[in-house]
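What follows is a single chain, given as structure tokens, in the form predicted on its own.
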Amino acid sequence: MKTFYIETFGCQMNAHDSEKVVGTLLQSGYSQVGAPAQADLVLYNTCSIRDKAEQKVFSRLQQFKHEAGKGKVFGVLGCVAQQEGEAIFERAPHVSLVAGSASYTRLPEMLVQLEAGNRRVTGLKLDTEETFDTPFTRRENPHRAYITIIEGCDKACAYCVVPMTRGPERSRTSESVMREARTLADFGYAEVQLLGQNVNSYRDPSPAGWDFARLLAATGEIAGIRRVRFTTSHPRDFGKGIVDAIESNPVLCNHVHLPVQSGSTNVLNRMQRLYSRDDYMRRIEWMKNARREIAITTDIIVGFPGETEADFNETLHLADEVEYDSMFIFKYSKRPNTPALQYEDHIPEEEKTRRFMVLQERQRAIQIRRNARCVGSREQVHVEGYNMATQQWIGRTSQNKTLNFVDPELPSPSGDNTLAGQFTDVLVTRAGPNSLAGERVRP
């Protein structure tokens, strides 16, 4: 039997794309193995958002260049494949497949070409109105599932390669999304996560004409679904109807990831983010005033070209004002074919690192304060598994906080006796900057 290995880099979209690739390969007669050395076909599903992730992929390929000519086939999938195209063949001559995510529906056809001995197979076209649905998906998690509802991006942020690697925005019909969600519920999935580069930019192309808030609310009404999450939202398209939906149904998780990228309107304009600081804060106000307490997380880029010390201080003040539950901080990284490459006033690497550390320390203090407020509360968690090293169960709250806990009556899993996949109540007894800890309680 033909074997394959796949390694995934990047976001949840890439993780779900890999599930589609794995499902297609299994259906095509391949068997999945756990290490590249065991595989006939080695695939890297790549991310090009940051230079570091891109370089990691080529480092992986370099490790196996000695395998060229021994029957092992290598492929690069995803964003780096779309970004670099056929240049990958020159940079890594032992690679035989270069394919972007828009081509995954053609994967069986490309496999036939590879099996026939073709050493340069590509799937790089983006001129499609289709979303990248494949007939077969191998879900990695038996309790939580991803559903892609929109592909691509029309926003053209000055630093971002996604419009060039994922193509324009294309939404699935609401009926197809609902059908997939109901099928997942029938198979026992209790939690689903709606995905898109800009998930709340969703626009139903069918006559039903649903917007994202309507789709979100409808997903939360499906029997068997106990939690619904979504990511990633763009502030420009984040409407109050989303907050209203979260308020009205506890199945919809009270957590919103709303990337701000900078607290300075001047920097936001240079980034071409399509909103101001005031626009963003209006959306924060909607969530702060909601009847349910909504956890808010974000992404921030420090050291964007032209970012002054005053601009950076505005970002620090924004962090203090919003009090995010967590924050992903990135140092600006030059990406090919983006408008920001033409900007002057690039920030020295040492200064970007300094700003990164200052913001990270500020956010750490905020998280310590916010998480401390949870001590003494009773939280329902969706249990993900058991950590043998810490001898604790691992769960996640509706607000997407990690909660590690002990259960005196079930100190560790034994055979089928496991909490994984169950929902259970936990009394929070301790809190740190990145997680909570507690003890399971019975009704």
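In case it trips you up, residue 1 is the first one in the sequence shown, and so on. Just so it is clear, the model here is predicted, and its values are computed rather than measured.
Although not depicted, the form predicted together with a small molecule is the subject of the following passage.
- Contact with the small molecule in the model of the complex, defined as any heavy atom within 4.5 Å, is confined among 174-182, 254-262, 218-226, 235-243 to 254-262.
- In terms of contact with the small molecule in the model of the complex, the residue from W210, W286, F89, F330 that brings a heavy atom within 4.5 Å is F330.
- The contact residue chosen from Y280, F74, Y159, Y202 relative to the small molecule in the model of the complex is Y159, the criterion being a non-hydrogen atom within 4.5 angstroms.
- In the model of the complex, none of the heavy atoms of V98 sits within 4.5 Å of a heavy atom of the small molecule.
- Taking the partner from the other structure, the small molecule in the model of the complex has a heavy atom within 4.5 Å of a heavy atom of D299.
- With a 4.5 Å cutoff on heavy atoms, I49 counts as touching the small molecule in the model of the complex.
- Proximity of R370 to the small molecule in the model of the complex falls outside the 4.5 Å heavy atom cutoff.
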